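Single chain ahead, by itself, as structure tokens, in the form predicted on its own.
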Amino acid sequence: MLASLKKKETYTHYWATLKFAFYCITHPLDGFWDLTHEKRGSIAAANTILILTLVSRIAKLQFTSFLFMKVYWEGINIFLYLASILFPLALWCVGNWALTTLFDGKGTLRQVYMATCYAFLPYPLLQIPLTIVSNVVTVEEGAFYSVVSAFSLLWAGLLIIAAMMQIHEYSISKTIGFTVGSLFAMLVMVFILLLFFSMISQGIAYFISIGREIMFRM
């Protein structure tokens, strides 16, 4: 009985935190403050929104009318396509959190991830219906498709800025500077990763060449 009650409370809390995401995207300043400082968000809800974002990306690729999106499946790797969201998200969270020491930010890595995922909500919220609508509108009405699609990205981007401002307790000017710094940190991390993998590949190639030389001499 106690286990059943606890499970019910867990589900109730999950749905409450997921529903709170709609408040965050319509009242970003109050919403993202309460999300972290009043603990009205959850990692489970953030993960759900991230999954919805990934699903909407795949659905857009699969079901959008060819009038608005031409897809050449032979050249698409679905895992790399999903990584185009997950990898920048990971870089953003780590880079953002790493810079909090320099910019006196208050947010933790967990809060940065959670708030960023909550800010993604406008994308699936608009893109999934838009994918369906794309199959019933004409080319002449394509401007509507393009505007709404761009608006979903703009809305999510502004929400991310608002989220960082609230969880780190910054002014708007400091938030903009911090966002630029976070993007630069992402570029630095990409450079370091490329350099690391380049050194690894060269090291492997070196030992393979030594092994071949030894086998040849034997």
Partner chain sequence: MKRLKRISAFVLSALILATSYMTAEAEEGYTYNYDYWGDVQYSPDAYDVAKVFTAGDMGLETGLKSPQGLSVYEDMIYICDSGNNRILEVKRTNDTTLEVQRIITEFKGNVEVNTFAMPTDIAVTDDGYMFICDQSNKRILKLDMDLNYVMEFTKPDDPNFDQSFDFLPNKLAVDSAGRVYCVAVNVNKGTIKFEPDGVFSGFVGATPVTYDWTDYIWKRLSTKAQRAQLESFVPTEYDNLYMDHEGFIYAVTSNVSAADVDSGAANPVRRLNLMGNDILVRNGEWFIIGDLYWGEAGGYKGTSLMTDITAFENDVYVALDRNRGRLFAYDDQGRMLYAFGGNGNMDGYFKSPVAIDHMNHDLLVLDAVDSSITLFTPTTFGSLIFQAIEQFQDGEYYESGESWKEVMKLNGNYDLAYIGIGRSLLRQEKYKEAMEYFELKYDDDNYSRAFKQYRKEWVEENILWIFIVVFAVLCVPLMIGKIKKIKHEIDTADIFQQ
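Positions refer to the first chain, counted from 1. Because the structure is predicted, anything quoted here is derived from the model rather than measured.
There is another form of the same protein, the form predicted in complex with its partner chain; it is not shown, and what comes next is about it.
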Contact assignment for its partner chain in the predicted bound form, among Ser84, Asn135, Thr108, Ser146, heavy atom within 4.5 Å: Asn135
Out of Val139, Leu102, Ala90, Leu80, which one falls within 4.5 Å of its partner chain in the predicted bound form, going by heavy atoms? Val139
Spot the stretch among 23-31, 36-44, 170-178, 62-70 with residues whose non-hydrogen atoms come within 4.5 Å of its partner chain in the predicted bound form. 62-70
